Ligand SMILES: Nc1ncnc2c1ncn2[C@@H]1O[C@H](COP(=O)(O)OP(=O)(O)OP(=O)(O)O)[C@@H](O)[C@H]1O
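To begin, one chain is listed below as structure tokens, in the form predicted alone.
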């Protein structure tokens, strides 16, 4: 059986948009004809899992069909969040094996903001890690330390060290040629250029060469990403038949952002044209 491609959404800081990015990657893959399983390790909140529950309910109520991911059973998230690390990892491993046994093309894992044992276990399984960060030195601090006077890059920081450890564990388990592709995307960009963006991008470029990640495009801070969430839909789902909100040129731009993200990840992405005139 062909092993699934494992994508981990990771960043130890909350509020960077991991779940938003996760649901768009999953729906993009589904519309590209890939079979996908999802594992939501943000045990208390489970935004990604709830999104696809909303999706099933909205589609059933409106008589439409759209592709859905496979969701392995991990039980009650709040109860699991109170369990010890051994039980959490055991539950994750069972869910992972259940997903792999489905023969899916991809398994996407959304991790919590924070350094947890189960998150580390997920990172060690990754073929690809996607790390969203806000356009801010506050978020960059998890990737690299900068001099407070000159803003020059000093050294990799805590999350970079976590990814290094995951790469080391993978090499031990699968051989020294096994690797993890790491993509860092600047997410929730304001439409207007931020004053500090150029300085941040310069430090990102330096750190990327030092610790081995690629820099890719994220998603801008658009209303459409938020207003479609309650329906369990993304811009990839919009069509002449499915459009619970009015479609505009901004939605076309949002769909192009999804294309750019999928291309940066090296994943096939096919989206039908969005007719804004209808």
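Small disclaimer: the values here were computed from a predicted structure and weren't measured. Residue numbers count along the first chain shown, from 1.
Below, we refer to the form predicted together with the named molecule, which is not included among the displayed structures.
- Between the options 239, 45, 54, 35, the residue in contact with the named molecule in the predicted complex by a heavy atom within 4.5 angstroms is 45.
- Listed residues 119, 160, 187, 88 were compared with the named molecule in the predicted complex; 187 is the one with a heavy atom within 4.5 Å.
- At least one heavy atom of residue 16 is located within 4.5 Å of the named molecule in the predicted complex.
- Using a 4.5 Å cutoff between non-hydrogen atoms, residue 231 does not count as a contact of the named molecule in the predicted complex.
- In the predicted complex, residue 31 stays away from the named molecule, with no heavy atom inside 4.5 Å.
- The shortest heavy atom separation between residue 77 and the named molecule in the predicted complex exceeds 4.5 Å.
- Look at 245-253, 55-63, 231-239, 216-224: in the predicted complex, residues with non-hydrogen atoms within 4.5 angstroms of the named molecule sit in 216-224.
- Residues of 130-163 include none with a non-hydrogen atom no more than 4.5 angstroms from the named molecule in the predicted complex.
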